[in-house]
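Only one chain comes next, encoded as structure tokens, the form predicted on its own.
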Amino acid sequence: MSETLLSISGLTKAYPGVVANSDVSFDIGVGEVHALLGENGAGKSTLVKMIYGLVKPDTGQMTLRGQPFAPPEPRAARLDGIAMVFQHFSLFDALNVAENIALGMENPPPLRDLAQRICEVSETYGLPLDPDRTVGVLSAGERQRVEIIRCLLQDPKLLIMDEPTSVLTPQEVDILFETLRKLSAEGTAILYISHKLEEIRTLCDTATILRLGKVVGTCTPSETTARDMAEMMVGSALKTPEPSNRPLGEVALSVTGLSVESPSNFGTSLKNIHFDLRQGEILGIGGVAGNGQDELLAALSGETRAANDAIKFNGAAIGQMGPTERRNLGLLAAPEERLGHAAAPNMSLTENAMLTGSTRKKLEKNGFLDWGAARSFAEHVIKQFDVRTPGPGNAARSLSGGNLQKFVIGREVLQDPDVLIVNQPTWGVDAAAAAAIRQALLDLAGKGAAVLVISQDLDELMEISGRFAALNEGRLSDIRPTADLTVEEIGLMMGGAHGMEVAHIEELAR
């Protein structure tokens, strides 16, 4: 057993109406890669916020290297050797890499010296990064490197990572894991949060499982199956999503020569995109974040207008229609950014149900909003999709990320769309919730709806989609049957290799 670095004993944190953590205790050893697992709302985020000084525990204590540890703020935690890479990057697009890193340092050196240090650290840990590049033009994987190198420049003793591979290709995941193994060998402990259980099995030495704020078990991931870990998290058997055998129907959504300028200076414009989506089909579109996914959803949902004939719904041109007109026809969408785009943070779940469901769920009568019907619809979503919340009167921002995601997806699915476009349907949700969401999408397709799933989760796309294409720099690859593809081929397609090029690279690899 390695020497204990951080010892957590009896940590408890309660908020009005919910106990986020209850008597949590476990140790992290020097150089250990320790997984923290649990369902959405299990208390993982609150726990790491207490370690990082963002939240003060109600009771309990921590020791770091045998000394009492109670950071009043993140600055104090960083000074004690705790670093954290958050799931959502905190970078300024208009600044370069060195400038962004300097902003996260207490006493940054001159930019020229810092740039040299960035190059040295990036080379040492196999994370190539140009300190002079503007962050706005970086890929999602490169942005993550900025965050990691910013942490490594602090010489951390404990590195906390929250869903670090959600924006990476399989090849980039391999590079990240090599870096983390090197850090571990040098004595840096890593607290690793992820819903990707096969990654946990590959990388982590130990796993602590939380359920409803309490520690319910520990395991050695390499000796435990992903299903067993998932069932420890949820406390019950895990169901595997099952597709229907319904034959495909007519083309419901046809996209021809779709080209749209990105409204953002740092976005990705769409370039001559073509595809057909049939009734009863799930078409998967993969890609590393920042390659046009948001722009594609905006163009298909009507938030961004396109050439009228570029998008056809059941044969009718809709490229110039707005979101409300398209929703009235039966084309619904759920964007990636759940808080602020898919849901209004300060509005209740009832109000958020009204925002998109007023027409299709008949939540208004004679020009007046029917709040009783809206509340009933919100309650139906909460029940059907197991959204953990005290009730529909709670604000959207009060939910954990995964529970809000379940609400957003459920709200759209339960409106029985003819076409559903969804971006990152299971982003940040636990294994049981992900399985439930995927089954809901499969069931929707089984009823005859056409479903387009844009996702960075390759396992998800291979599990539920019949055909697959990759977005790279705003261009869509050839569409291929998912059953004919390997994860390696999909990763290469996401990186920009297509057709014969993929086959050639695969042949060279062999």
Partner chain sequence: MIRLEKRPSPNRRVAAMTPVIAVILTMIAGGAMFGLLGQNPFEAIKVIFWDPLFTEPFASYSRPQLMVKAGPLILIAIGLSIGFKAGIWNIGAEGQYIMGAIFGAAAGLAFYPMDSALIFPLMVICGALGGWLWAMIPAFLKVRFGTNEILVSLMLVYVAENFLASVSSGVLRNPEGMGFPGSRNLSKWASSANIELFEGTGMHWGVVAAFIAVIGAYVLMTRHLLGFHVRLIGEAPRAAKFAGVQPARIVIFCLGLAGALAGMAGLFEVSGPSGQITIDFASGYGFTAIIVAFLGRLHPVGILLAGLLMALTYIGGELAQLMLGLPAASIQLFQGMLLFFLLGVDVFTNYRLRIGRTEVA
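Positions refer to the first chain, counted from 1. For clarity, every value in this text was computed on a predicted model and none was experimentally measured.
We do not show the form predicted in complex with the partner chain, though everything after this point is about it.
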Query - Non-hydrogen atom contact residue 344 with the partner chain in the predicted complex at 4.5 angstroms - result: yes
Query raised in the report: Applying a 4.5 Å heavy atom distance criterion, does residue 337 contact the partner chain in the predicted complex?
Result: yes
Query raised in the report: Closest heavy atom of residue 366 to the partner chain in the predicted complex, within 4.5 Å or not?
Result: yes
Query raised in the report: Wondering, does residue 177 line up within 4.5 Å of the partner chain in the predicted complex on heavy atoms?
Result: no
Query raised in the report: Among 166, 172 and 203, does every residue place a heavy atom within 4.5 Å of the partner chain in the predicted complex?
Result: no
**Report entry** Partner-facing stretch of 112-120, 188-196, 348-356, 252-260, counted where any non-hydrogen atom is within 4.5 angstroms of the partner chain in the predicted complex
**Finding:** 348-356
Report summary line: Interface check vs the partner chain in the predicted complex: of 126, 391, 323, 108, the one with a heavy atom inside 4.5 Å is 323
Query raised in the report: Between the options 93, 80, 303, 416, which residue brings a heavy atom to within 4.5 Å of the partner chain in the predicted complex?
Result: 303
**Report entry** Members of 130-159 lying within 4.5 angstroms of the partner chain, judged by heavy atom, in the predicted complex
**Finding:** none
